Every structure is written in C-alpha cells, then in structure tokens.
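Just the one chain here, the form predicted alone, laid out as structure tokens.
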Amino acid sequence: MSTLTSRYITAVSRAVPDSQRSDVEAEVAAAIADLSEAKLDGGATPEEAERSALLELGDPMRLAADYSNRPLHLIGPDHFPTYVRLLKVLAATVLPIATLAVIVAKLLTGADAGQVAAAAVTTLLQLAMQLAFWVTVVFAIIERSPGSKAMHPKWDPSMLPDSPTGRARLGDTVVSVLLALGVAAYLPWQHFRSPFTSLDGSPIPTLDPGLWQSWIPVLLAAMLAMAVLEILRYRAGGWSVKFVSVNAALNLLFAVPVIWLAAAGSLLEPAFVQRLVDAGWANADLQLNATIIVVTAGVVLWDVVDSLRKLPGDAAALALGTPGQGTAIPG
C-alpha cells in the first residue's frame, strides 16, 4: 500500500517535465525526510510527522509549478494592464462598428424590427465573446513564452495620464445647440421650400406630409430637447450619468423613427423622389434612403459613444473641483 509520502512525490513528479522528474523526486523525498525528522525530534509520532511535513510543503501542484517555473495564473501582472487596455479599445471600436454594419445591412434587405434587433444583439454578444476569448488566448500564450517578461513596456512616470479636466467647452456647446436647432428648423422649412413645385405651383416637400400627423412632431421635440440638454450640460460643467442617459434616449427617439421610416420607404415624399427620377437619378429612392440610414446611425452612434468617452474625465474633474467652463455661467 502506498504511503502519503510516495503519493505526494508522485503527484509532484507528474506535473513536471520528464527531464526534471528524477531530480524533483529526489529533492521532494529529501525535503519530506528532513521535515519529518524535525517533527519527530519535537515529539510527534511518525504519522503526525509525515502529515505535518506534507502540509508544510503544500499543494503538490503549486510545488511542481515552482520546480518547473510555470505560472499557475492565465495572465500575470506583467501583461495584465496591456491585456485590459486592449480589450477596452477593441470593445469601444470593433463592437459598435460591426453591430452598426449588421443593422444597416438588415435594414437594407427589408428585415423587420425583430429581425434587426435579434441580429444586432446576436452579433454584439458573439463578437464580444470572440474578442475576449482570442485576446485572452494570445496573452496566455505570451505569458508562457520564453522571455515574455521583456515583452511588456517598462512603466515610467511619464506614462501617467494628465489630470482630468472638464470638457463642457462653450464652442462645443454652441455647435451642438446650433446643429440641433438647425435640424429642428429644417423639419417645418422643408414643407414650404423646395426645388420642385406641383402643377398648381405649390412646393413639393422633401418629407412625406402625412408624417406631420405622427412622427415629425416627435422628431421636432427630440431636437429641441437635445438643444436644451446641451445648455444644461454646459451649465453643469460636463457630462454626468444622467446627461449621458438622457442624451442616448433622445438620440434613439430621433434615430429609430428616421431609420425605420427610411428602411420602409415611408420617410420621403413620393412626388419629390419621382421628380429626382425624372431628372435622371434612377435609383434616387434606394440611394437616398440608404444614405439617410447610414448617416443617421453614424451620427447617433458617434454622439452616444463620444458622451460615454467624455464621462469619466468630466466626472473626475468635477470630483476634483476643477470643472470646465460651463460652471462659469451663473445659475
């Protein structure tokens, strides 16, 4: 019958390379003998001495890892910061771009809202898992490669980021407010001014006039609310979680109807499109709607991502008492 000592030595030797096995077995046996002898001198029984010696040596897997100089972690501290930074960069760039491409492709093929949402969520989850898995695999291989410790950049104080500053600048706020008001003004303007006129001389609007009974007031309200939000954000000194959430909701309130109507071919006034076709633009309907979808989705995605990107800096600056220019305005 095998003893605890022989079983322990076997467990250690199995986890080391063949070239080290005999030497490791001899060293572990010697260590157990020395520790057991010390315990016996202290008055322990042989069984107690053996058990105490094995407990002192610890888990055989850890001891084998020490002998073979192999890490027991997937990614060690030398490469973990770079690993996290790379995951953040990929999550902030690859995921939204790929998801947007899938949404636009589905809309252009005439998919309904459920199919578009399912495709977007599935793509997002699958791509996120793939990114995390393969990046982890690459860094796990790097961690176990010879000389891997020399591969990570040596940290230097000059790499410290600048102190956070508030980003609610007046120029940015003015541009954002003017853009929102410009879009809001275009909605009624396009109804009365047009390069084309009907037989009775009336201007042909760009957007379907029937939308005034449903979606155009919603779009107008969303744009006006976004202008007000920009002013409130400037007064508060920067982005907060509340402003980011409201901004995302207003963007969706505007973008979802526009993209949905454009995908269904219900956004533009048919007479306006027909005039463009008569003027020689054969695919005006498809190309205009596709352009509206891509531009709207891109602008909204950029605005939401930009607010999320600025949120940590603005929050940190406000916490340090160094808000941006927005707080200069008296309340």
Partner chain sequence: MIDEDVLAGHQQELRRGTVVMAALATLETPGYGYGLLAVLEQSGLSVDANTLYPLLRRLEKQGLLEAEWDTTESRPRKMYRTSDSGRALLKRLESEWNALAGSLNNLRTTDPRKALKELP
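Since the structure is predicted, the reported quantities are computational estimates derived from the model, not experimental observations. Numbering follows the first chain given and starts at 1. Basically, rigid core = biggest C-alpha set you can superpose within 1.5 Å across the two forms.
We do not show the form predicted in complex with its partner chain, though everything after this point is about it.
Proximity to its partner chain in the predicted complex, taken as a non-hydrogen atom within 4.5 angstroms, holds for one residue of Val277, Ile292, Ala38, Val305, which is Ala38. Taking Val273, Leu63, Ala49, Ala262 one by one, only a single residue has any non-hydrogen atom within 4.5 Å of its partner chain in the predicted complex, and it is Leu63. The stretch that touches its partner chain in the predicted complex, counting heavy atoms within 4.5 Å, is 67-75, out of 235-243, 67-75, 117-125, 203-211. Contact annotation: Val24 falls within 4.5 Å of its partner chain in the predicted complex, judged by heavy atom distances. Contact check for Asp285: no non-hydrogen atom falls within 4.5 Å of its partner chain in the predicted complex. Interface membership of Val299, defined by any non-hydrogen atom within 4.5 Å of its partner chain in the predicted complex, is ruled out.
Within 4.5 Å of any heavy atom of its partner chain in the predicted complex lies no heavy atom of Gly43. Along 33-59, these residues reach a heavy atom to within 4.5 Å of its partner chain in the predicted complex: Ala33, Asp34, Leu35, Glu37, Ala38, Glu56, Leu57, Gly58. When the rigid core is held fixed, the Cα atom of Pro312 travels less than 2 angstroms between the shown form and the other one.
If you fit the rigid core between the shown form and the other one, you'll see the Cα of Leu72 move by 2 angstroms or more. For Ala284, a C-alpha deviation below 2 angstroms is recorded between the shown form and the other one after rigid-core alignment.
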